[in-house]
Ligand SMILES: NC(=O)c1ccc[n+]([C@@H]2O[C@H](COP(=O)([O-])OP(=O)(O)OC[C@H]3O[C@@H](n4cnc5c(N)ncnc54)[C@H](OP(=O)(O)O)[C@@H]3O)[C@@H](O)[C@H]2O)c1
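The chain below stands alone, shown as structure tokens; this is the form predicted on its own.
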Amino acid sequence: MNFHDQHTIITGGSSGIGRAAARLLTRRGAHVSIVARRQGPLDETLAELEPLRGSQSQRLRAYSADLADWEQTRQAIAALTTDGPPPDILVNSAGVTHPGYFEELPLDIFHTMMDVDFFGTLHPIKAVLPVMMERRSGHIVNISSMAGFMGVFGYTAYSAAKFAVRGFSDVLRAEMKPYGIRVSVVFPPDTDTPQLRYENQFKPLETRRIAGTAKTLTADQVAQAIVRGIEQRRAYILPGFDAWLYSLLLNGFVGLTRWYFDRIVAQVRRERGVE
């Protein structure tokens, strides 16, 4: 796939996987817009991206917004698209993690996980989808986690939110397929980012032992897997061998199930006379 002149919006683009994806897509010639809460890291990321531009016509933009807030998200997407190219690709990389024993986690942690990880994914999609549906093209990439297809000790709050992202993405992919809009969901293992260093402060010992059985990837490795997944139009993007193996063991027939459900949907749409 040629990313030249493709407008990519990356949430959580000021750090971690989002920042690595912004670097890679800037090098590939895309117009890159990044959204995150804090202006300082956004400015630092833009300064890092500037030397990677291939031409002066390549647009690099940033907008500060809390993606858990619908109105702030709507304003951010509008500001990044009103006087520029429409969104071609949306990468939802904003997310937080806070592990711990269930009985010790306060309720506000559960609300935060859902607000940031799930609604922070849903809101940007709601904002860009009308334009993508009108153009009948686009690609949405949502980042879940290996803890989003298998429950992991210590992640009652995080796994719940990431399972929600996975389920939402599966349904959205089926509903958007007739409009030519692709939806991918990414299942990275532990990734060496500021977020991982934050969550390591709170991991129960059992969680640390389980995490030690899988290889930690770099943000660049996950970003490369995301770009390959976009190019190959993959519904599931599985960075690293561990993500692939566990997905195969737990979801071995999901591709066949998707194919069967898609056939039923296509048949019903023909019966309804829907283009």
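Sequential numbering from 1, following the sequence displayed. As the structure is a prediction and not an experimental result, all values here were calculated from the model.
Here the subject shifts to the form predicted together with the named molecule, a form of this protein not shown in this document.
Checklist entry - Each of Thr8, Ser33 and Gly138 near the named molecule in the predicted bound form, meaning some heavy atom within 4.5 Å? => result The answer is no; none of Thr8, Ser33 and Gly138 reaches the named molecule.
Checklist entry - Quick one: does Arg38 come within 4.5 Å of the named molecule in the predicted bound form, counting heavy atoms only? => result Arg38: contacts the named molecule in the predicted bound form.
Item to check | Contact label in the predicted bound form: Ser159 to the named molecule, heavy atom within 4.5 Å | outcome: Residue-level check for Ser159: no, no contact with the named molecule.
Checklist entry - Applying a 4.5 Å heavy atom distance criterion, does Pro87 contact the named molecule in the predicted bound form? => result No, Pro87 is distant from the partner.
Next on the checklist: So in the predicted bound form, is the named molecule close enough to Ala62 to count as touching (4.5 Å, heavy atoms)?
Outcome noted: Outside the cut-off, so no.
Next on the checklist: Between Leu129, Met176, Val116, Ile109, only one gets a heavy atom within 4.5 angstroms of the named molecule in the predicted bound form; which residue is that?
Outcome noted: Of Leu129, Met176, Val116, Ile109, the residue with a heavy atom within 4.5 Å of the named molecule in the predicted bound form is Val116.
Checklist entry - Considering Leu105, Leu196, Met133, Ala79, which brings a non-hydrogen atom within 4.5 Å of the named molecule in the predicted bound form? => result Filtering the options by heavy-atom distance leaves Leu196.
Item to check | Contacts with the named molecule in the predicted bound form, stretch 89 to 108 (heavy atom within 4.5 Å) | outcome: Stretch hits, in order: Ser93, Ala94, Gly95, Val96.
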